[in-house]
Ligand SMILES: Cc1cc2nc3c(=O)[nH]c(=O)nc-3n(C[C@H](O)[C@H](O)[C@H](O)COP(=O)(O)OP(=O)(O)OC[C@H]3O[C@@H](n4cnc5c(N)ncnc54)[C@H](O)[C@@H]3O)c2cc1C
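Starting off, we have a lone chain in the form predicted on its own, written out as structure tokens.
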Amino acid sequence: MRQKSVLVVGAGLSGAVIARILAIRGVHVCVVEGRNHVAGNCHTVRDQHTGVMVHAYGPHIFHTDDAEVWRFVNRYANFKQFKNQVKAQVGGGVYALPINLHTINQFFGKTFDPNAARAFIQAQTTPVIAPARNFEEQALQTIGRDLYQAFFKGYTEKQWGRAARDLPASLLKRLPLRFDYNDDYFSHRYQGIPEAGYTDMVARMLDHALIEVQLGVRFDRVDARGFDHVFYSGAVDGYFGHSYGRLAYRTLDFETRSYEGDFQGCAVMNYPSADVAYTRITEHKYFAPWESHERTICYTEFSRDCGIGDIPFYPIRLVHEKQMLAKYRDLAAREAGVSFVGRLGTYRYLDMDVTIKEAMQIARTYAKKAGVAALPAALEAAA
């Protein structure tokens, strides 16, 4: 029997995980990547002037409750514990996010205990008559007008370039509201950042005798000829030549500056005010507190609509985008021998752990259907 071979388009997390799982089952994998590095938007690199490990496309903190995913990534990287504790400058003060008991007491000048704070916030909110239809309604029902306008309205509208009333309620549902003093942004059991960076981690995933990686190679559909299957992690509308139009994304621009010593004393400082053009400043040496640096480097983030040639970051998924997506999904379902994977291929906002979990499942499903011998769990974990 001829040995199976597959083409993986994109050397980000989805592509690397699929490639590794298939390679350890004996499948030849060719990975093509349009950029000159692996790891996609979680690419990390040492800044030559400061020595700081920089998250080149914005910070990525790995967090998950999935033990299998956590074991998988730890095969390829030494994860150091990191808790994301975000700050926000609002009205001349600095507050902790997500909103917690300290934020509430500081903002309103109170000394509430948890029960009193809960009752106070409840009195601030809009009565729930029907499910929230948009981001603003969800905020008013959950945290009330004062906290919404101070911490969320301006930031969200800058981030998405749309009025809060035009954005889905689900965006706010991802953010916790706490009535204790816990200011950890994520509540997952496993949290951390690879000590040597994400690019090193992905490179290790792709380091296998049956995986060939080609960087700086733009994919064309004719390139799929001769492969048993294609796993495509690029933009689904781009694969079909934008035949139904372009799906909408937001992209980010970064202004980078380096300083002696420290700049802001924390990893992430949000600027929710609509009067400030940027959304946040990230100070990258604070993403590696186990290191020591005399200089620091900061990224100021500006969000805007993604144009032709820009790097897409966040799918917008407004009503007309969902309608367009349905057409592309129909095309994708009828495209024989191709699986569309990852954030761009499925036009969804996916956290890193979900991306990896889905990639693992997709690779295993393909292997089973293709008749590729499965490995015992213990052997796969060690491969």
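So that there is no doubt, residue numbering starts at 1 and follows the sequence shown. For clarity, every value in this text was computed on a predicted model and none was experimentally measured.
Form predicted in complex with the named molecule: not shown, discussed below.
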Here the chain appears without its partner; judged in the predicted complex, the stretch of 150-158, 265-273, 164-172, 212-220 with heavy atoms within 4.5 Å of the named molecule is 212-220
Within 4.5 Å of the named molecule in the predicted complex, do Thr44, Pro194 and Gly197 each have at least one heavy atom?
no
Given that the named molecule is not shown alongside this chain, does Phe231 nevertheless sit within 4.5 Å of it in the predicted complex, heavy atom to heavy atom?
no
Does His284 reach the named molecule in the predicted complex, with heavy atoms at most 4.5 Å apart?
no
Considering only heavy atoms, tell me if Ala11 and the named molecule come within 4.5 Å of each other in the predicted complex.
yes
I'd like to check something about Tyr259: if you look in the predicted complex, is any of its heavy atoms closer than or equal to 4.5 Å to a heavy atom of the named molecule?
no
Partner-contacting position among Val54, Val27, Val32, Met324 - heavy atom within 4.5 Å of the named molecule in the predicted complex:
Val32
None of Val338, Ile316, Met352, Val69 but one has a heavy atom within 4.5 Å of the named molecule in the predicted complex; the exception is Met352
Residues in 47-72 that come within 4.5 Å of the named molecule in the predicted complex by at least one heavy atom, in order, are Tyr57, Gly58, Pro59, His60, Ile61, His63
